[in-house]
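Only one chain is shown below, in structure tokens, and it's the form predicted on its own.
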């Protein structure tokens, strides 16, 4: 008899628990109930970036960065926009990608997209300097496949992309440092796929004195 009453009590408690769960329908995306709503550790006063703030002497929330601070990911570029520094950049700057590696191939693929966006208009799709701008009267740029462009080191090309050269504008604002290296790797791939012109050496046969005597 006692066991039956105990089972009925357990069944009632279980039914009551299920009913409460259904009625309350706890939303687990919301925080739990707070007993002490005045706790500033839970609800701290927030300041917007441009609101006044009495916690600082200048009364501002948004503070100036400490002197000498640079943004995360910024590449410091200690070169001036001069031909001399372009040569110096060629000696001191190293390409962070190995062109023949998988990472270098992926870099060149990204550079192909940047080349299509920023360079094709003048340099042409193959880099030969036959872009649509050049075909409409603008002085064509030198080919990227031959001449000085092949001889330039990667750091020098990086300097040119950063500061520009002659009629070519600078692309530091449009291309972050990583994308500039990607673009250089794409140019190197274009150069590798393009065979440089071979020099044709012509020789003339000169008769030896003995042969001349027999003629």
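Numbering follows the first chain given and starts at 1. Fair warning: this is a prediction, and the values are worked out from it, not measured in the lab.
Although not depicted, the form predicted together with a small molecule is the subject of the following passage.
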(message) Only one of these stretches, 25-33, 48-56, 64-72, 181-189, has heavy atoms within 4.5 Å of the small molecule in the model of the complex; which one is it?
(response) 181-189
(message) residue 169 versus the small molecule, in the model of the complex: is there a non-hydrogen atom within 4.5 Å?
(response) yes
(request) Verify the contact flag for residue 165: yes if a non-hydrogen atom of it lies within 4.5 Å of a non-hydrogen atom of the small molecule in the model of the complex, no if not. (result) yes
(request) Classify residue 108 as contacting or not contacting the small molecule in the model of the complex by the rule of any non-hydrogen atom within 4.5 angstroms, answering yes or no. (result) no
(message) So in the model of the complex, is the small molecule close enough to residue 118 to count as touching (4.5 Å, heavy atoms)?
(response) yes
(request) Identify which of 96, 132, 142, 83 has a heavy atom within 4.5 Å of the small molecule in the model of the complex; exactly one of them does. (result) 142
